[in-house]
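There is one chain below, alone, in structure tokens, taken in the form predicted alone.
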Amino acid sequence: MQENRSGRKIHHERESRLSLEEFIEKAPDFTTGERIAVREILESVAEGGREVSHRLALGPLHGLTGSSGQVNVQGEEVQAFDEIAQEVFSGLLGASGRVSVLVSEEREKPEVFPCPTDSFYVAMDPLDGSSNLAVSGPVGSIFALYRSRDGNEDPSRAILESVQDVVCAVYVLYSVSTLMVVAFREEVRMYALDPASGGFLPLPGPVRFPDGGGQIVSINTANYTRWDRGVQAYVDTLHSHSSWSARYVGALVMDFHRNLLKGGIYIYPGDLPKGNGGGHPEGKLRLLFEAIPMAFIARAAGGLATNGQKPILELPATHIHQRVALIVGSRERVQEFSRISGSPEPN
């Protein structure tokens, strides 16, 4: 290492950056075969992220920023790029030979692929926040890798029984730049897509929520009258403190990413039905492919995630499209929410 100040800085920065392969090699709790499988799955996610990023950039030129005219299994309007992202990631993950069961927000039933012994289950939201594309807003893709289990021939049951054995979570953010954020049990790393080389290059890390918890709250207060009194009490408290900043894009990946870097809390509680019906008293976000991966990343970055009653990572799964409430962010902010709302305080 050079003795001059500039040299020390360069050396330190090199040490703080881990390539994706180096990060996988550093991750604990994998056999040699599992480590190879994880690497090949994440390479497929990266390849899919490159492809989706490229197609998103061209989307407005081809009129692909609105609805496809279809409704998915969730009863939600499918955007044109929802289906594009689904096909991209499903094709690549299936071809990897390392994903035995794939569940997606866009498919009612799991996809099953032939695999060697060392394989994983994957749950994904192929394009989170896709309605934002109509206004060129940020969107993302979310993935969770679950350790597979032998002896269960029902793919839905198999992945439901594995939800508390998450080994890796990933999201790809498509915005001014395309970022891939990867978490193993105790560490989070971030990678930026280099348009020239097509590679995801490491950024300095590891990534953790800022000290002090941050002051950003991401919540859609238009639903205030449909929340329970505890959530309302928390929002009322926010309004009495001028130090808070409200930031809400309506794409989970973007809202979570902002709070991860700047500090804060994301809240999507359950809500009572509207006058014309609807509503999601149990919560709206999906457990397997939205809440669990974000909770896993939050924990690895020093944060917390709860549904208001129990930690997200301790919830039993009863259905692959199960919905939950989600409160996730820095440890201080989530614990504060629990105290003010009267919810059990997560540790």
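Note that the coordinates shown come from a computational prediction; the quantities given were computed from them, not determined experimentally. The first residue of the shown sequence is 1; numbering continues from there.
Missing here is the form predicted in complex with a small molecule; even so, the following discussion is about that form.
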Position in contact with the small molecule when the complex is considered in the predicted bound form, options P110, G214, G270, G129, heavy atoms within 4.5 Å: G129
Exactly one residue in S245, T117, S136, N220 has a non-hydrogen atom within 4.5 Å of the small molecule in the predicted bound form; which is it? N220
Going by a heavy atom distance of 4.5 Å, is L285 a contact of the small molecule in the predicted bound form? yes
With the partner left out here, check for me: in the predicted bound form, does some heavy atom of L102 sit within 4.5 Å of the small molecule? no
Residue contact check: G250 to the small molecule in the predicted bound form, 4.5 Å heavy atom: yes
For Y266, is any heavy atom within 4.5 Å of the small molecule in the predicted bound form, or not? yes
When the small molecule is placed as it is in the predicted bound form, which of 251-259, 233-241, 88-96, 198-206 ends up with heavy atoms within 4.5 Å of it? 251-259
